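The chain below stands alone and is given as C-alpha cells, in the form predicted on its own.
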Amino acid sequence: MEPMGEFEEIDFLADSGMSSAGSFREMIDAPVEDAQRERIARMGLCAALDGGDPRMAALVREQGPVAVWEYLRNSGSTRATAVRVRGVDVEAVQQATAACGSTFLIPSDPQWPLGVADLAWSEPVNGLGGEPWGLWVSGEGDFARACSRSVAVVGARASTAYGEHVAAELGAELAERGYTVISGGAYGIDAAAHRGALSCGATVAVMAGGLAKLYPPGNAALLTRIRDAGFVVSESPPDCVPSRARFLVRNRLIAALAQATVIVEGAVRSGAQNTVSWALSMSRPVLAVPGPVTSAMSVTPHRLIRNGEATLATCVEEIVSVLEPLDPRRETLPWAKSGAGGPLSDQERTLVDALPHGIGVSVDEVCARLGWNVVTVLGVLSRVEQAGWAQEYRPGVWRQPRQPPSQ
C-alpha cells in the first residue's frame, strides 16, 4: 500500500456522476454481503486505502464494504482510489497476515472491540475520522474483553525521568486493578506505561504501521513482550510502513479502544494532544497528570486542566474514581477510615503516601522522597506494615497493598 499523505477526495464518486451515496446500490449490481466476502472486502480496503477518511468511512457504512469494494475494482476508473484498490492482492495480504501470526478482525467477529463504533458519530479531528474497516491483532486471549475495561496512558516521546516514573507506576497500578493499559508503543511515556503494566497485567500497543515489523525498532523487545502477554494491533496491513498521517490516524484508535485517556506529559505541540482530542470528540473522560511548572513537558497537561478539558489525576485512585464513581468497594479517600491496626499518625500517613501501588520503591528511594533517615523509615515501615498499609513484595522493595486493610 502506497502512503497517501493527505486524504484525497473520494474521486471515484465524481467519475461515476453520482449525486449522492444513496443511489450507489442502484447503480451497481451489489453482491450479497456474506461473511467471507465482507472479510475480503474489508481487508482489501484496509490494504488499499489509509483509514481515517470520514467520507469514505461513511460510504462503506451506508453502502456496505462489499458493494464499495466491488465497484472500485470493476469501475475502470483511472483515478487514484480505484487504481489502488485494483492493485491489491488480497491473497498476498492474507498470507502476510498468517506469516506474522496475526488475525484480521472485522465488526461481526466476537473479539471486535465495541468502543471503536463511537468513531462513526464523533466529530472529525483535523479532518480525520470514521471507524476502522478492520483490525490486525496479534496476541493471545479475548481482545474485545481486554478493551472493555481499559485506560489509555499517553504522553511525550521526549519525556522526563519524572514522567516516565509516573507513567510506569500508573501502568502497573491500573493493570493490578484489572484495567488493560493501552498506548502507542512509542519511546518515552508510552513505553514506560507499557512496562509498568507488564509487571502486573495486560497491555495493548496500537501501531501506526503493520505488524510484520514492529515500530519503533528500538522498542522491538518491549513490543514482543507486549504481543506475548497482551496484544499489538494495527489498522494497516502487515507490511505497511509508518507515516506521519498514519500516526495521527492511529491516535484515534488508542482513544476509541480505551474507556478513558490519561496524559502524563506533553509539550506545547504534542502528539498526545491529538489522542486527547479524539477522546474528547467521543465524550470519553480525559485526565491529566500535573508536572513541574518549570518543565516544558508540563505545558499540555496543565493547559488541559486549566481549560476544564481534563480532570486532575495525581494517583490511580483518582483515575478509578472517574471510571467507577458509584462502586461501593472504592475508597475515594484512602485515609477516610483507619486500618486494621487503628488510626494512622500523620507521620505514618506521610510515609504511606510515598509508596506506590504497583512497581514499588526501595527504602533508599523512600528516604530520598521524604528526607528521612534510614532508621526512621524502617521504623515507620514496620508499623504501617503491621497496620496493613504497606507490603514488602520483594526484598527491600515496598508498595501499598493491592487491597486496603480491613475496615
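Keep in mind that this is a model prediction, so the values were computed, not measured. When you see a residue number, it is the position in the sequence shown, counting from 1.
The form predicted together with a further copy of the same chain exists for this protein as well; it is not shown, and the discussion that follows is about that form.
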property	result
Selected contact from 93, 256, 211, 166, since only one has a non-hydrogen atom within 4.5 angstroms of a further copy of the same chain in the model of the complex	166
Heavy atom within 4.5 Å of a further copy of the same chain in the model of the complex - the one residue of 248, 282, 88, 305 that qualifies	305
a further copy of the same chain in the model of the complex: contacting segment from 315-323, 232-240, 70-78, 178-186, heavy atom within 4.5 Å	315-323
Contact of residue 293 with a further copy of the same chain in the model of the complex (heavy atom, 4.5 Å)	yes
Contact flag, residue 135 vs a further copy of the same chain in the model of the complex, heavy atom cut 4.5 Å	no
Proximity of residue 311 to a further copy of the same chain in the model of the complex, heavy atoms at 4.5 Å	yes
Contact of residue 191 with a further copy of the same chain in the model of the complex (heavy atom, 4.5 Å)	no
